[in-house]
Ligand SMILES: Cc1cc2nc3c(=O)[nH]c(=O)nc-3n(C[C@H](O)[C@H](O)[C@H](O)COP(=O)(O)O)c2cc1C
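Below sits a lone chain in structure tokens, taken as the form predicted on its own.
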């Protein structure tokens, strides 16, 4: 059987298959089953900046609304600072997962401002996180804010967290950067050790019958993978950062494509939510079978074989191939042949 071990963010993993940040990682039992099935690491669900702010403000409003009503109230009701809100439940979840598994566990922070993240990052480091994933999830900045200003703010977040902890920090990106490779170089300069491509935005739909917004979360599909493969192939040839593929991997063959494009690890969420955490074993078997069939002795040997630097036809990843694809589609248009 091929050696599936890999190195990611300086961490030694037994497998490139990683449990991604998702509701699954809220359950220590489910996480343990995924690890028993072969997962090499676990990324906890995200700790959201908005959630922490909401929890803290709710406690302040509830407590401070009555604490100053009269002198007697001050003696029997504590101030808001006496209450533990926000990060504490997440820390307890991290500690429970760490007790259950013997693979690296990453904490995931989701925010857009430097402020509290340095403090939370330190707490997560103290609780035993092996690394941090910063999820730069941002649908849009303030009115009139430029793309350059958004990127500068995000870089400030990354740099502040990197300077606050000794843990390796990886950054989960969206696909909507005008110059992805340039921004990743800036992240490397800021001290990041890796990037994950790409975050999946929450995309509400419209319910025409009720004139309402449909807030149902739609799982990923393999159709989302090519966008990741293109980014990985370019980044693998231009950066030394650890690369993670997240979104669209539903089989071991999908994982093989990501590794060939340059991924050090492949993060799994939707496929495990659909089939259960034990399904990691199925993907691992498919990946190992493909590697063995192609004569690869390890996943590391296959990594980056088809990236922009190593592919037999690098133009396949670039703009030139777009015209060829359009010509090929025209040649096989079934409706033209029928008319």
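Bear in mind that the values here come from a model prediction, so they are computed numbers and not experimental data. Residue numbers count along the first chain shown, from 1.
Note that the form predicted in complex with the named molecule isn't included here; everything after this is about it.
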Exercise for the section: Examine residue 135 and determine whether its closest non-hydrogen atom to the named molecule in the model of the complex is within 4.5 angstroms. Expected result: yes
Exercise for the section: Determine whether any heavy atom of residue 217 comes within 4.5 Å of a heavy atom of the named molecule in the model of the complex, and answer yes or no. Expected result: yes
Handout entry: 4.5 Å heavy atom contact, residue 247 to the named molecule in the model of the complex
Key = yes
Exercise for the section: May I ask you to state whether residue 269 is within 4.5 Å of the named molecule in the model of the complex, using heavy atom distances? Expected result: yes
Completion exercise
Partner contact check in the model of the complex: of 98-106, 217-225, 256-264, 181-189, the stretch with a heavy atom within 4.5 Å of the named molecule is 217-225
Fill in the blank from the handout: Checked 1-35 against the named molecule in the model of the complex; residues with a heavy atom within 4.5 Å, sequence order, are 20, 21, 22, 23
